[in-house]
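One chain comes next, on its own, written out as structure tokens in the form predicted on its own.
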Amino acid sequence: MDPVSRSFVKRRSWAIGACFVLLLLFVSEESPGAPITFNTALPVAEDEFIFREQFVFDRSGDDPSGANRDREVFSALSVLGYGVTSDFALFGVLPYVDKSLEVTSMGERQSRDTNGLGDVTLFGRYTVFIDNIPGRTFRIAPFAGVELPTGEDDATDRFGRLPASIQAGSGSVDPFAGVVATYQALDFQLDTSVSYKANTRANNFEFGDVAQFDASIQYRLWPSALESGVPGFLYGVLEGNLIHQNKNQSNGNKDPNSGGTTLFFAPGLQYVTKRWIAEGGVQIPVVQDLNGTALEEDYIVRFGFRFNF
């Protein structure tokens, strides 16, 4: 393993170790399934908490600009949800991020990086429709929230101020809203979500607004039939994420080499027990219609766990 890779692993070991200690400390009575890449409409029980830890590795290295850009982002996302009532839940997301960018400029290979706490996200979700019959449930739940500028957004290195794409935070207050629907039966679950995030300006820079549509199906692979004494259930997961981002703006001018539309296909696995859930999947871009020389995604890997207490 090269020195850069060893450093990359070392910086993350504390986060991974701490989160698995938490997994051993907390237990729950029941953990329903859910999508891997987005939220669900299934409830958080009144006066109960749900904790989710997810590790995300995002690599973008397909560079049409000729600058041979290579960007890697590692995120450890800690999510805590609380059931205010059986219909209303509050959520908070605290990210730790580690970002790096390599680029060739004037014949020199430059390596730039930063790490630290990112921007905190707070949102609420309210169930407006419920249809329950034995063996299945259907729910619709709008949600709304805000991403707050808690991460450092003015980091510098020997080359000067870091680009906005690898700052730990954005510096802006960014509201978002959407709606999620869930249909759950005994051997499968369907989830769909649509959302819009309005990014605002900070430091004379503004990321483009983001519109997103997500869909997920989780199908029980094992056991093939429900029976007593089974310790857990293995689900196959297939998800799709259609994401459109407007062009970024710098000093009031739109960047022609930013934004566009990407469609991800995300296969994964999920192991569900009465106490916890372990899950993992890979988001693979199957369509990328980006503007100008915007950096293209290679893949996004996600794995983690969650539990109620």
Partner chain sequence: MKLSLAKSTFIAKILGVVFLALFFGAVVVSAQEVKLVYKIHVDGLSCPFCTYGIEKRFSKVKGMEGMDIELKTGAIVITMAAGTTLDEMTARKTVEAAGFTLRDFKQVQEGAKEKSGE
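The model shown is predicted, which means the values in this text are computed figures rather than measured ones. Numbering follows the first chain given and starts at 1.
Same protein, other form: the form predicted together with the partner chain, not shown, and the subject of what follows.
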### Segment assignment from 132-140, 165-173, 146-154, 198-206: heavy atom within 4.5 Å of the partner chain in the predicted complex
132-140
### Query
Any chance Thr114 has a heavy atom within 4.5 Å of the partner chain in the predicted complex?
no
### Query
Wondering, does Gln184 line up within 4.5 Å of the partner chain in the predicted complex on heavy atoms?
yes
### Message
My question is simply whether Arg275 lines the interface with the partner chain in the predicted complex - judged by any non-hydrogen atom within 4.5 Å.
### Response
yes
### Message
Test of understanding: in the predicted complex, would Pro43 fall inside 4.5 Å of the partner chain by heavy atoms?
### Response
yes
## Note on the structure
Only hit among Asp255, Asp58, Asp62, Glu48 for heavy atom within 4.5 Å of the partner chain in the predicted complex is Glu48
### Query
Quick one: of Gln212, Ser86, Ser78, Thr104, which gets a non-hydrogen atom within 4.5 angstroms of the partner chain in the predicted complex?
Ser86
### Residues of 202-235 having any heavy atom within 4.5 Å of the partner chain in the predicted complex, listed in sequence order
Leu226, Glu227, Ser228, Gly229, Val230, Pro231, Phe233, Tyr235
